[in-house]
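Next comes just one chain, in structure tokens: the form predicted on its own.
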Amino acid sequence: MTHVGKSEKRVDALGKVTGETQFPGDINMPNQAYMKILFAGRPHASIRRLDSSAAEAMSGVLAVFTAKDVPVNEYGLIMPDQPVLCGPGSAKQYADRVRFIGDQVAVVVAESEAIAAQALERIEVEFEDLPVAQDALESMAEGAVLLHPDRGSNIFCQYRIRKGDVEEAFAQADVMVESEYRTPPQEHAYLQPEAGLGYIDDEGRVTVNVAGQWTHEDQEQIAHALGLPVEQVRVVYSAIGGAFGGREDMSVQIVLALAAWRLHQRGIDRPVKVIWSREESILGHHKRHRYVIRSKWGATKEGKVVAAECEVIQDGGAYAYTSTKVLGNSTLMCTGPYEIPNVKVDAYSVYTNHIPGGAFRGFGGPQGAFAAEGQMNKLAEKLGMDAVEIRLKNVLTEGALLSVGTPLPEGVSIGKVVEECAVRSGWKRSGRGWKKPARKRLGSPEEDHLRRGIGIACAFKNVGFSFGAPEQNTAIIELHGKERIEEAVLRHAAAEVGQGAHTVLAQMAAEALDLPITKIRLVVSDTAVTHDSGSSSASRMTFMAGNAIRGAAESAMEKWHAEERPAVGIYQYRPPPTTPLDPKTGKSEPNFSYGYVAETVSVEVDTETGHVRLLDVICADDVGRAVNPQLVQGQIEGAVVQAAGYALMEDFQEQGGEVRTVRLSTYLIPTVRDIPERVESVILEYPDPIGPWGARGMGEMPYLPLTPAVAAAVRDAVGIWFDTFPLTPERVLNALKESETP
């Protein structure tokens, strides 16, 4: 192959390095106005009165928009349970309530940002506070205050799996492990806070230029909220300063469109610009979900897991966002990449007055993996068995049945991945099985109060949308020239959120057309000129776009050979269908493709301070085919660092519905001094049978096993299991002191 498999230079590298590339916050238009948003500032309350007259009377204020100005005052990626603006005057029932501090109440448009900010202070809002639900377990209980009274319950999604006979299997098990795991929220902390422009384009369309992950879904939600035909709305993505799932749901998109549209109706055709501060961003967009996972596993003395019972409770926060789909992943992945003949899972999404939970790299997989890998490591310890040995006795193989009663798609490689990771990390295999590396391999700490240990974990995750969600990806290729192809234009809606998607699109187009990559021109991320590509999420874009590009290239080449000029090929790729979880048994065909990963982590624990230092991370990841190996390595290293923050230091605090960590000075993310000393990216290529050139999605996979591997390594170092995290120095030191108490 000429282009696939090579580390081609990123197509966006020069512009981003030189600063020429414009992000939404960098873009200015002639005669633009400025927007500020009034956030609720309260976790749960009814708005009894809202008076914006004093703000509207200010010099320099163009308009103030409230709930009464939104025609269809609702939105939501999965279910429309959130008002665009909260307050009186809306036709949506209970839209006068705010349910978390980041709910949006009013929008001010003014001649300057300073005037808009001053106007916010003149808006009078009379609240009647309501009881605050800040614990998912309490919120599930009968008699709990209802966040959405029209729903009758705070449990807004429930799944169950019933496979085999768990109780009978437990009775036959030789060892049992029972634990309760708690996972924390996490802030995306992308470099570019939410920003954008709303305006009316030359063809009269309500247009927003923002950063997101799915242009066409943004378009549909804007059109729905404003009561407009979809074709009257246009969404354009400029450069995007990171996403990690944090831009899947709405932030400024609808209110920007609302402001531009309502001003236009008043005869004011001016672009409207908004830029959130970091504090506004932290308060205003969703977080990784909190979970409580109660797990009980049983195994034979030979190390075969015979039964797993799990209760999975997800804190969905104030609105649904993508919680139901995230919960589906956790429901599947809480029993790990293992063949377990008897499984019982009950899973719940629950409303609270926390900031909503939503998409974040791994999408429920990290929480499920933390519990599953914790259970597997504890079983190994209880049996006196090596952690690699017990995994290889239980990992899924071709034809093995998942917990949902169906086999994985062909191309199962988790066993090979675990083996390769183990070998690279110093494990040895003999006639008596696998054995972890000797402690001396970890090196000798410089001081006596330092302890070292090593841990391993593995995981699997879906590629693409799951559980029956409609899945497709459409590419358009235009071939221009006379006798020879002089230029190939690829039109594709994929969001480039920093992962290198546009570079990979160009490589795959060049490969499919057998052209130099210099002849590929990209037209991307604009609903006016591209068809729907689906979201840049679920580790799906390379897989889905590659198949769409191959189809469009084949169609365009057929027309080219028939002497059509220009030759235009349009192809919509649809993967094999998936099916939802059966409400009684959970039986389903959940996904059409998976990625497989294993990681080892070695740590050094300071027993005097509680500080955990990551020494060495080895990540073995089956990517099917590395379209651009350097970008794959970057994804692995980035995921490891991001997961290290989740595991060790990112301690997002909400108390009584109020956020205590509203700045990056109080919510700490890894710096260069916090990252592992070494990350070895082991790129494995076992082709996916239906992936383009064999490629699997891989962007999320390296994130999944890091935290349970860290927990196992800390156990190896100091003899303490941590079933919750982050493993901050305070938490570790307190546990060390408790372990010394007689």
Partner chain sequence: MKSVRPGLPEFDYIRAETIEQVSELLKNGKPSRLLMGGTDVFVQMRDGAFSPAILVDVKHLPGMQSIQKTGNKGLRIGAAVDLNTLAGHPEVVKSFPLLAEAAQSVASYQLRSRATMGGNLCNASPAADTAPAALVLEAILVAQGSNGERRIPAHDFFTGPGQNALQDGEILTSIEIPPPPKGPVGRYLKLGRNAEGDLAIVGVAVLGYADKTSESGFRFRMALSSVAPTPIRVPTAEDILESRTIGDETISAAAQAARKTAKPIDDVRASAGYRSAMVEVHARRALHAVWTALGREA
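Numbering follows the first chain given and starts at 1. What you see is a predicted model; the values in this text were computed from it and never measured.
Not pictured, yet referred to below: the form predicted in complex with the partner chain.
The partner chain in the predicted bound form is not approached by H44, whose heavy atoms all lie more than 4.5 angstroms from it. Using a 4.5 angstroms threshold between heavy atoms, H449 counts as touching the partner chain in the predicted bound form. Contact check for H611: a heavy atom falls within 4.5 Å of the partner chain in the predicted bound form. Put simply, R565 is far from the partner chain in the predicted bound form: not one heavy atom of it is within 4.5 Å. Figure note: of the listed segments 279 to 287, 135 to 143, 507 to 515, 162 to 170, the one touching the partner chain in the predicted bound form, with heavy atoms no more than 4.5 Å away, is 279 to 287. A heavy atom within 4.5 Å of the partner chain in the predicted bound form is found for one listed residue only; from V230, A438, A117, A91, this is A117. Residue-level contacts in the predicted bound form: of D129, D150, D269, E121, one residue has a heavy atom within 4.5 Å of the partner chain, and it is E121.
Taken together, the three residues K36, T666 and R673 all lie with some non-hydrogen atom within 4.5 angstroms of the partner chain in the predicted bound form.
For the stretch 628 to 660, the set of residues having any non-hydrogen atom within 4.5 angstroms of the partner chain in the predicted bound form comprises M649, Q653, R660, in sequence order.
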